[in-house]
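Below you'll find only one chain, the form predicted on its own, shown as structure tokens.
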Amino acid sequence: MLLIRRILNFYIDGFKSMTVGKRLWIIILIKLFIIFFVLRLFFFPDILKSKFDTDKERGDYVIEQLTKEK
């Protein structure tokens, strides 16, 4: 427990004394938010949920598409 507390205090003190690093972390967090939330909503919609009502229908469709010969 003491080791975990020392490690946490090390990182907390390090983040408190940062100047440029705080801005960089804010930029990183904003980018991650954009990548994982905004882009997912607009570019990766849940097509299966809009076409089919049940999980069984979705599963059957996926299996059919995977096993279909070209």
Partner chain sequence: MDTFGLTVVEWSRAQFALTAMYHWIFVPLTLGTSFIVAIMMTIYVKTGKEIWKNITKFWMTLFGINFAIGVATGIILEFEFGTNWSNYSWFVGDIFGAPLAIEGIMAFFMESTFIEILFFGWGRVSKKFHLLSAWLVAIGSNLSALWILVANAWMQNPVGTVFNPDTARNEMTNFWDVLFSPTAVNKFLHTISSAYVLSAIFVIGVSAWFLLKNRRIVFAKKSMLIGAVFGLISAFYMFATGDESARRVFNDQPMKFAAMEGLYDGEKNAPLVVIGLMKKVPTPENPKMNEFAFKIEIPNMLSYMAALDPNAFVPGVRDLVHGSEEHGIVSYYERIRMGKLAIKALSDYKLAKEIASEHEAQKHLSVFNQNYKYFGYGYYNDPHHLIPNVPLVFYSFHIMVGLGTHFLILFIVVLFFLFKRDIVKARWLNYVSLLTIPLAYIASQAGWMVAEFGRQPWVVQDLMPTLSAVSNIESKSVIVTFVMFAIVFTVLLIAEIKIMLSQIVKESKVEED
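Numbering follows the first chain given and starts at 1. Rigid core (definition): largest C-alpha set, two forms, superposition within 1.5 Å. This is a predicted model, so every value here is computed, not measured.
Omitted here: the form predicted in complex with its partner chain. The next part is about that form.
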- [ ] May I ask you to state whether Asp46 is within 4.5 Å of its partner chain in the predicted bound form, using heavy atom distances?
- [x] yes
Open item on the list: My question is simply whether Asp53 lines the interface with its partner chain in the predicted bound form - judged by any non-hydrogen atom within 4.5 Å.
Closed with: no
Open item on the list: Can you tell me if Ile4 lies within 4.5 angstroms of its partner chain in the predicted bound form, counting non-hydrogen atoms only?
Closed with: no
Open item on the list: Need the contact residues for 8-33: heavy atom within 4.5 Å of its partner chain in the predicted bound form, sequence order, or none if there are none.
Closed with: Phe10, Tyr11, Asp13, Gly14, Phe15, Ser17, Met18, Val20, Arg23, Leu24, Trp25, Ile27, Ile28, Lys31, Leu32
Open item on the list: Rigid core superposed, CA of Lys31 - does it shift 2 Å or more between the shown form and the other one?
Closed with: no
TODO: Indicate closer or farther: the Cα atoms of Leu32 and Ser50, in the predicted bound form, relative to the displayed form, with a change of 3 Å or more.
DONE: closer
